[in-house]
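Before any questions on binding or motion, here is one chain by itself as C-alpha cells, the form predicted alone.
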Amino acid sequence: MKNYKNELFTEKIHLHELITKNGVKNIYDAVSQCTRCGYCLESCPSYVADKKENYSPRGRNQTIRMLIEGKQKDVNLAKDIIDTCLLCGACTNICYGSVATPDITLEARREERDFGNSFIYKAIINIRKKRKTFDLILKTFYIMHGMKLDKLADKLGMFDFLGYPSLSNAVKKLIKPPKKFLHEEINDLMPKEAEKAGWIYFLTCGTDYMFTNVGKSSISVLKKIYGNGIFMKNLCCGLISYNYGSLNDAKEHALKNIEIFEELRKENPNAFIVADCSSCVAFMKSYPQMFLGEEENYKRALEFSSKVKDIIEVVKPEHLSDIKLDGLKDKKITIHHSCKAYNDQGLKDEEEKVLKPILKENLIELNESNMCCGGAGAYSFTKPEFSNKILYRKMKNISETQADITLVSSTSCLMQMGYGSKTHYSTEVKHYVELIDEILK
C-alpha cells in the first residue's frame, strides 16, 4: 500500500503519530478508521448548528483523507471545514471505532498557511517569558477595558484596521478583571506547614489572570479535604501553543513543567498534581503523545500525566457528609459537563455523585449536558457567529431547567456561558469548585 505520509504533511512540524484508543496510529491509519457511518452526527456541535455534511466529523475525516491521498491538493481550500471543528471530542466519545477526529483535524490545521503565524500569538509567547512585563501589559489592558477604551476602539473599527477583527469579539466577552493576579497572592493562600505535601497545585492561565476566585476556592477545598499542599510555580501548560501555534513551544512548556514536578516529587513522593481548568488538565494528561519517539521524555511525560487530576475528580461524596446547605437549599442547580472533562477525561458523573445526595431534587438534569457551549478556547473569538449559534442552543437547554446556578469546570466555559447568561438566559455561571467551597464553609 502507498505510504501516505507527505501529501498533506510537509515540512511543518506535526505529531505524525497519535495515541488512540486503538493503539498508536499514524495520521492516515487513524483517519482511515472512520467508516462514515454517521453515528457521530448529532453529537457534533458544528453539525447540529448548521446541518452541513462538511461540518460533521465524518465530513472532516473524508476531506482530510483526500488531502493526505493527494486527491485534494490545497489544505487552505478546506480551511472552513477544518477550522469549524471545536476539538471538543464528542465524536470520539460516541464513535464505535473511537476515531480521533479532533487530533486528526488539528494536525491538518497545522498545515494551513496562517497557522501559528499570528502576530498576537508570537507576541504573547515571547512576552510571557518575562512575567513582570506580561503582567504590566495585561493590567494596562484591563484598565483600558475598565475605562471602556477597548469598546471605543472597536466602534472606531481599529481592530479591523489592524487586521485582528477577532479582538472585537474578545472584548465583548471579557469578564470583570481581577485587581490582582492569583500568582501575586498565592503564597498567602497556601498552607504554611513544613510537612510533606499531599497535593501540588498547578495554576492555569485562565484561573491566574481572569478567574482568580476559582483558584482561591480550589486551594481552600484542597486544604480542607487533603491538608497540606504546595504551589507548583509552573509555566503555562502549553495548550495555547499546541492548539494555535507552535508544537515546539508546547513541548518546551511541557518539559519545563515536568522538570518542576520531578524536583517537587523528591520531597513529596506521594503528592498528586491538581488543576481547576478541565481543558488544561486534559491536555496535561495527553503530554505523552507529544513525545512519541523520544523514549526518555516519553517516560517522564507518562509519569507526570499519571499524577495529574482534575479538581472535579478529587472531591468525593464522603467529603461532603453532614453538610448544611443554608442559602443553597432553595436554589435550582444544573451541571454543564465541560467537553474536556466528559469527553477526553471520561469524567462523566463525578459532580452528580457528590451533589445529588445533598441537593436531591434541586439538582436538575441538563439536556445535552456534555455538548460544547461554543467557547472552546479562542473559538468564540475567531468564529463568533458559529460560536453564538452553539451557545444559543446551550442556553436554551439551561433555560428549560430554570436553574438559578449553572456549574462548569473549564475557564473557557466560564467566559462563554457567563456571556450567554447576559445575552440569552440569566443564570449564575460558576465553577463547580466554587460551589463545593461554599458548601464546605
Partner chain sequence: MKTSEIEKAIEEISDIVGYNNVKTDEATKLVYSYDASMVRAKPCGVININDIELISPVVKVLYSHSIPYTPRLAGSNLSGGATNQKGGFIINLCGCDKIRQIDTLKGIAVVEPGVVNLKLQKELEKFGFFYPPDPASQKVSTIGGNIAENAGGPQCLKYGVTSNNIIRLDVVLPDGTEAHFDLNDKGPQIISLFAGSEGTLGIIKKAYLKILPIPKYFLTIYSEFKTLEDSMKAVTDTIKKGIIPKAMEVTDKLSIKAAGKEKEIDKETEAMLITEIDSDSEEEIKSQKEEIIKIFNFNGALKTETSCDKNKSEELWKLRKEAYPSLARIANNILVEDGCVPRSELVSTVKKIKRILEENAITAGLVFHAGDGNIHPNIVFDERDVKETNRIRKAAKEIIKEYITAGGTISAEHGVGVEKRGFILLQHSKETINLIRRIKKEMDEKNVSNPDKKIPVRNDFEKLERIEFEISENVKILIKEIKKRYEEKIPTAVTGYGTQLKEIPQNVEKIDTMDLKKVLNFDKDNMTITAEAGMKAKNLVDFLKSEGFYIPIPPSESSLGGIIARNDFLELRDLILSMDIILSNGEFARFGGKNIKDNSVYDIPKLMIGSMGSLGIITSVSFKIFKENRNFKITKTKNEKNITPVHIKIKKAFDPDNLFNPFMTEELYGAKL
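If you're wondering where the values come from, they're calculated on a predicted model, not measured in any experiment. Residue numbers count along the first chain shown, from 1.
What comes next is about the form predicted together with its partner chain, which does not appear here.
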Position in contact with its partner chain when the complex is considered in the model of the complex, options Thr63, Asn397, Asn388, Thr382, heavy atoms within 4.5 Å: Thr63
Single option in Gln72, Ser246, Asn297, Asn228 placed near its partner chain in the model of the complex, where near means a heavy atom within 4.5 Å: Gln72
Complete contact of Tyr28, Ser32 and Ile94 with its partner chain in the model of the complex (any heavy atom, 4.5 Å): yes
is_contact(Gly59, its partner chain) in the model of the complex, heavy atom dist at most 4.5 Å: yes
Contact of Tyr39 with its partner chain in the model of the complex (heavy atom, 4.5 Å): yes
Partner contact for Asn54 in the model of the complex: its partner chain, 4.5 angstroms, heavy atom: yes
Its partner chain contact at Leu87 in the model of the complex, heavy atom, 4.5 Å: no
